[in-house]
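Coming up is one lone chain in structure tokens, specifically the form predicted alone.
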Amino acid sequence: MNETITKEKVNGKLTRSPSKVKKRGKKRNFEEIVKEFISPYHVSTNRYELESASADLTSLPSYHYKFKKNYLASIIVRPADTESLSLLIKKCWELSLPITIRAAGTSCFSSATPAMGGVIIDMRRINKVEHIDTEKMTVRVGAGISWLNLMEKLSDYGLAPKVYPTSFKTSCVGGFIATPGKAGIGVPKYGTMADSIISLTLVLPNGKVEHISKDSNGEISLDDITGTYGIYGAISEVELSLTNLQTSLEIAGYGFSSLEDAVNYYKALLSKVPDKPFFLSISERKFEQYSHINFPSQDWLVWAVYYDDPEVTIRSISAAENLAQNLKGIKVDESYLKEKWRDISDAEVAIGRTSRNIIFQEYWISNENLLSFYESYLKRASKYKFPIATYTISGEEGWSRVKVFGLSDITRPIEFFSVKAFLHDLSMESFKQGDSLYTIGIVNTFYLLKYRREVVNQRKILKKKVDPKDLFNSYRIVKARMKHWRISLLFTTAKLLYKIF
């Protein structure tokens, strides 16, 4: 069989696209080949579907959607099981077609963008709950299942995931593994997403299927897969450890006028309360104002969710109250806290109503540096007039994910890029103090090349072994589309123009 690859131009950019394959004197294109083993209903070259699937679905500014215009996939395929996924990837390997693995697309920073065109593999049909073991408290499930659907299935057995993202209503299991999975609901109490994984099935770039567990001694380990954005292959199935559904949920929330008191209370809830919170957050009043109709009057809100047996939650709430009194915390109305917990998946959507384009960055800050990072944030923010806001959630032990929003409009380009510059300055500061960014994707990879070269070099070695053709989720972690010096020059210019005008 003679195989050829064509390159097509999309808005002036060269991308690789499926070409025709000659077999027994007849030319067949890639779409026809795929439809032999995947239902035609789940194979699409429709332009509107391609545009919809060729970027994240989160509330990113239209500036980031340049990737939609410049880097479109040529075809979307939705396999239903590991066997068809493996065969599909093998065909792509034979034809040297770039692949982008995606599910719900609820990550950000162009994590789901097909930077080299080619094929998008939508994982959401690989969503079956294969087996639930109530004695061992484990589940084996397709990686494309949404967290909400998984939680509903497990609740019938009195079980629940140990950890899951705040975007659980729409996001999928595999996505939380491929992105860091180090901060979210349940993490302070049970550990990271990686801690919950018993084993998983990975389809390599050549189509080979590997089963990887914590005890595996193969070329790829679980540590290589979690948080690496699918550059080594597609996660097909996952076996997770579970916990019991608990019988009591209580929320403690206190407002603080002093940033230092708020941060000290936040850290105390992690170190001085015997029972770890199920969820813990600290937020600026402006974030509460933008994301909720009613909001506390204090500058900072710290709130913790305790989810356990009644005796445990009552004990935790009592300890949290005592700590708050020592730090002059003002108790927040219980109904407001219940509203926040109920709407936790929608808070970032709500903040988007204040701006046509939410601009944000996610920082991974050690708790020891949390106060100094906030102080730097406030000092830098005071130099600008555009609205900003921040909130933080607790992650793996000793770390927190800090999310900073800039609320602007791309129709005001000087202000827009000044907001980007503000977030860029905070990003560089975080790396220089030994911290980093939480979410990478395509947009943030250039920071790794600048500040984490040793990590990049380690990842490159494995990438070259398992994906020498560089077909899988390219331009993430090991290779960047953007140069640090060009971005810095752009943002420096934006700040100067902002001061002038």
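Please read all numbers here as calculations on a predicted model, not as lab measurements. From 1 onward, residues are counted along the sequence shown.
Below, we turn to the form predicted in complex with a small molecule, even though it does not appear here.
**Q** Going by heavy atom distances of 4.5 angstroms or less, which of S221, Q289, S345, T138 would be at the interface with the small molecule in the predicted bound form?
**A** Contact with the small molecule in the predicted bound form is made by S345 alone.
**Q** Taking the small molecule in the predicted bound form as the reference, which of S86, S427, S171, S408 has a non-hydrogen atom within 4.5 Å?
**A** Filtering the options by heavy-atom distance leaves S171.
**Q** Have a look at 178 to 186, 87 to 95, 242 to 250, 329 to 337 and name the one stretch with heavy atoms inside 4.5 Å of the small molecule in the predicted bound form.
**A** Heavy atoms within 4.5 Å of the small molecule in the predicted bound form occur in 178 to 186.
**Q** With the partner left out of view, is L370 within 4.5 angstroms of the small molecule in the predicted bound form by any non-hydrogen atom?
**A** So L370 does not count as contacting the small molecule.
**Q** Since only the chain is shown here, I'm wondering whether I101 would be in contact with the small molecule in the predicted bound form (any heavy atom pair within 4.5 Å).
**A** Yes.
**Q** I'd like to know whether Y229 contacts the small molecule in the predicted bound form, with contact meaning heavy atoms within 4.5 angstroms.
**A** Contact with the small molecule, yes.
**Q** Please determine whether L204 contacts the small molecule in the predicted bound form, using a 4.5 Å cut-off between heavy atoms.
**A** Outside the cut-off, so no.
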